[in-house]
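Encoded as structure tokens, the following chain is the form predicted on its own, with no partner shown.
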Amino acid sequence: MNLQAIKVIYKSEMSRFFRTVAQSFLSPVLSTSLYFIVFGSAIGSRIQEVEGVAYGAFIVPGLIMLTVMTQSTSNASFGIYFPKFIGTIYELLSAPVSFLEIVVGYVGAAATKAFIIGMVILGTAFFFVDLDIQHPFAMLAFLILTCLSFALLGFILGIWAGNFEQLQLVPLLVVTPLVFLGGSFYSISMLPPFWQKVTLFNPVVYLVSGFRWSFFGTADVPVGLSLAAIGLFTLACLGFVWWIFKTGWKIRS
């Protein structure tokens, strides 16, 4: 494996992230604060607890997941789409760099950015609510896997997109609604029985539930199912990325 090539791609992507410090760090802090003001104060005054957890603390895992999923997808999709848009991707493909090294560089950088933002949001949350993370290693594992899997999804979207409008289509119209409807700010046990069953077809439910379990020890679905869901999703994305580079779909044409 050409570690130097991975390092160059990774550093190039990360440098773009740190050039926009205000947008990269200040934006999630402000967004998190607004969510706590709106959901934690306004709605939290009416909903005191959910499953024995103060509502302000209950929404923290869902808020982190919402941001991490959208940021992973957006960063990875833009990272690979821009070279394709300006034509420099052909230089990359003609260089002595394997597809695995390209994926590791771009996806690794996107996942790192999302992980940093997730930790920033977690740190911000401590200023608003009392948090006691019961399973910190499981929390980190769920967070890292989510960052990696959705960065892979974003990489696929960046290859597929034909313009900047398509680039934002899936994060805005698919990922974000699924996160909001996936129990990010409520427990699915609060829904009527019929809608509880319907919600279980939303894959994000399993990610949010497992991540929330790592904080509070409570989950809407078994933790084993959550781990299986994120594992299968990651493998599916890896398989699709392998197929893209094998066939040259949307790259060589």
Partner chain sequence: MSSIVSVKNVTKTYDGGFQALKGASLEIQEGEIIALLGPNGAGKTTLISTICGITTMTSGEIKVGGHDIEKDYRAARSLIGLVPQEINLEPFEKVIDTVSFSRGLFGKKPNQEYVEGVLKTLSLGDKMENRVMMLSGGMKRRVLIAKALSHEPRVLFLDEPTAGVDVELRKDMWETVAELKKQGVTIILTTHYIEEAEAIADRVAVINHGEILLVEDKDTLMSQMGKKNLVIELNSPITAIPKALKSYGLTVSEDGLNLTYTYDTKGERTGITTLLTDIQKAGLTFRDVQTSQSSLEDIFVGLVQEDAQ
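Quantities reported herein were computed from a predicted structural model and do not represent experimental measurements. Residue numbers count along the first chain shown, from 1.
What comes next is about the form predicted together with the partner chain, which is not displayed.
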### Query
Pick from 124 to 132, 97 to 105, 147 to 155, 68 to 76: which stretch has a heavy atom within 4.5 Å of the partner chain in the predicted bound form?
97 to 105
### Message
Quick check on this chain: which one of Val170, Ala161, Leu92, Val120 has a heavy atom within 4.5 Å of the partner chain in the predicted bound form?
### Response
Leu92
### Message
Check Thr88 for me: does it contact the partner chain in the predicted bound form (non-hydrogen atoms, 4.5 angstroms)?
### Response
yes
### Message
in the predicted bound form, is there a heavy atom of the partner chain that lies within 4.5 Å of any heavy atom of Phe82, even though the partner is absent here?
### Response
yes
